[in-house]
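In the form predicted on its own, a lone chain appears below as structure tokens.
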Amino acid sequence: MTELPQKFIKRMRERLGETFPAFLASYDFSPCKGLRVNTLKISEEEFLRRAPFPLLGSVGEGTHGYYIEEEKPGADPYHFAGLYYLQEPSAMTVGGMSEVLPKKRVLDLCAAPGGKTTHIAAQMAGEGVLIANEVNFGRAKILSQNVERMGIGNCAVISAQPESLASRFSAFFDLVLVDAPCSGEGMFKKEESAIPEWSEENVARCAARQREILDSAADMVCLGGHLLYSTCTFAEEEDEWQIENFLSRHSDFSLLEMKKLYPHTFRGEGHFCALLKREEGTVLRAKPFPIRRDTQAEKAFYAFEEDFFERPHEGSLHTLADGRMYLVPAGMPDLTGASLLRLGVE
């Protein structure tokens, strides 16, 4: 059994009451593993026919996810080809709550390594604009690699502080996802290094930082848009109380749905998610991305496209000073001031 912090055990016993023994017993079992089919590259039906190892039941409606017990699922060629993404099963429920429609503008504010970004991208079906942000530049590189592997063409990967983005994208996004940095209580089985890092003081620090991030996120949700908040922790200070306090500060938001998944009630390691909506109103616009043209480079690309592409490209061609060219999706806003790692398709 996983050795849990005694203060954590005491807190959970007080909160869960008679269901606490079942919660504690869940730590006798190995962590749940799962994969999510990348419907941008293959249909769920086709993947089920081709699955390279056993799939042990669906994670749930809207997730395109399946439980697995494969020892090395990341070593399969289908993984390298981006046909599936390895993701903890309960984390998949967040993307299932988002109900993103094509042609929307979406910001994943704390996106690395990319599980929820790539899930939302599949729901967007290649349309609209998706911006994936990660403040840690090293982790942003991993995020960018996953966006490329999963074949996402309508996504820009950036690295910027939330408050910096909020000052430039007031009331702009149809959906802002905040998968907040948290105390990681739902990671105790999957990553035992999270156990010695846990403390009540760290829970309080995480809650304070989440509050700041949520306030920045709220500023960027368009009128009539949605804010989706999630953590992989059980602490009420970071979950239910965080949402309650947010609503007390932002009267223009209302709570639509809230889920708390525990490992003894859901086959996974645990997650919290809440979907909120901002009151209706006028949608504001941001400056468009400043396209840099290179006629000679574009001529070479058009010749290549005619020979090798199945259909003409959509979007604008943007050429960097070093000669690299990107296919920028329509509607991409100006990202000046953010460290830009990826812009559509190179």
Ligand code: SAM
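One-based numbering along the sequence shown. A quick note: this is a predicted structure, and the numbers were derived from the prediction, not measured.
One more form of this protein should be noted, the form predicted together with S-adenosylmethionine, which is absent from this view; the next part is about it.
If contact means any heavy atom within 4.5 Å, which of 254-262, 165-173, 240-248, 134-142 contacts S-adenosylmethionine in the predicted bound form? After filtering at 4.5 Å, what remains is 134-142.
S-adenosylmethionine: the contacting residue among G186, G115, G225, G128 in the predicted bound form [heavy atom, 4.5 Å]: Result of the distance check: G115.
Pick from K190, H79, R209, R267: which residue has any heavy atom within 4.5 angstroms of S-adenosylmethionine in the predicted bound form? Only one option qualifies, and that one is R209.
Please check if M97 has a heavy atom lying within 4.5 Å of any heavy atom of S-adenosylmethionine in the predicted bound form. M97: no contact with S-adenosylmethionine in the predicted bound form.
Report yes if any heavy atom of P73 sits within 4.5 Å of a heavy atom of S-adenosylmethionine in the predicted bound form; otherwise report no. Output for P73 is no: heavy atoms all beyond 4.5 Å of S-adenosylmethionine.
Is there a non-hydrogen atom of D179 within 4.5 angstroms of a non-hydrogen atom of S-adenosylmethionine in the predicted bound form? So D179 counts as contacting S-adenosylmethionine.
Flag M124 as yes or no: does it have a non-hydrogen atom within 4.5 angstroms of any non-hydrogen atom of S-adenosylmethionine in the predicted bound form? No, M124 is distant from the partner.
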